[in-house]
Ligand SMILES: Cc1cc2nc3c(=O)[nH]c(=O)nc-3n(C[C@H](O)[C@H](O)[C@H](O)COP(=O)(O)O)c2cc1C
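Before any questions on how it binds or moves, here is one chain, the form predicted alone, in structure tokens.
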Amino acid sequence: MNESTKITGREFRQALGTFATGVTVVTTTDSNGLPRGFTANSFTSVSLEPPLILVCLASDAATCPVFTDSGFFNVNVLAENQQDVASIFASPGDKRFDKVTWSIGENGRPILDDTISRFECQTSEVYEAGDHVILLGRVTDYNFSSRSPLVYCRGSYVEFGLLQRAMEAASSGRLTRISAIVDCGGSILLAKDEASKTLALPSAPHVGVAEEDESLIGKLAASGVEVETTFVCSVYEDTATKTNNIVYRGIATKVDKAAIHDYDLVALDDIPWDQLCDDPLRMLLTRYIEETEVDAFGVYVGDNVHGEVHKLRARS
């Protein structure tokens, strides 16, 4: 990007969304002693000596004056099974604390139960920064555990444990096949097997980059398709071939229809089900269509016969 390129809010948000973060709920009390809180992934450490952290919140948020005036706040880092807590505090409403269990910390501000860590802070400085306010807090007390965190990336909450299982499958020593459902704006790419006359997902031994001919991204780039992988939507073992399969969701950013000779561009409502290569693909695409309609996705973990779908939740 050069200096003349205009930065748009939507694309800038998408670019920032590629950075995976933990998820926190920041809490305090208002002047009437009522608990207030919001979900934030804009949390970071600043200094070890003195112990400083910061969080950011929107200047136009209803809770902004509460947090800037309170003098104290707490940061509650959520565990991977606390997607519901993240969603509660990311949604509008004044009854959020009625839906969770909590207590009062040493600094007199709320702390949530069952989080993997929490940081109790005294407000050190408040800075105005564009359309946000930065709260710099001096940590006065904290605790932590060894459980897995909730992760936020590309607009969805992701269970860290599922990401670990995907990586373990890829490095297990068994044959691993990386595939992708490449979304081309209501259509997907299906690879053509001329010998068997069947269709399958684009696949390769690893994700790679456009310059690697044998990688998934490289093969697609050579066929005129530029794609961004977003999240893992399926991790399963083919019990017959003992192959680990990791399937990503991909978003096509450029499609040269004249160059995609090895693929068919197929509309989601016009998939030739009888030409698909196997039942796992049929089940995967059936689920993908259902999830696309409601914009709520999941990760299948298991084998080609039995498994479980772990839901991802889009942030409100």
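Not measured: the values here are computed from a predicted model. In this text, residue numbers run from 1 along the sequence as written.
One more form of this protein, predicted together with the ligand, exists but is not displayed; see below.
- At the 4.5 Å threshold, heavy atoms of residue 267 stay clear of the ligand in the predicted bound form, well away from it.
- In the predicted bound form, at least one heavy atom of residue 89 sits within 4.5 Å of the ligand.
- Interface residue remark: residue 96 is counted as part of the site for the ligand in the predicted bound form, having a heavy atom within 4.5 Å.
- Shown alone here, residue 58 lies within 4.5 Å of the ligand in the predicted bound form, counting heavy atoms only.
- This chain appears without its partner; in the predicted bound form, the one residue of 248, 38, 263, 288 with a heavy atom within 4.5 Å of the ligand is 38.
- The contact residue chosen from 152, 72, 102, 236 relative to the ligand in the predicted bound form is 152, the criterion being a non-hydrogen atom within 4.5 angstroms.
- You can rule out all but one of 45-53, 27-35, 60-68, 252-260: in the predicted bound form, only 60-68 has residues with a heavy atom within 4.5 Å of the ligand.
- Contacts between 131-147 and the ligand, taken as any heavy atom within 4.5 Å in the predicted bound form, involve only 132.
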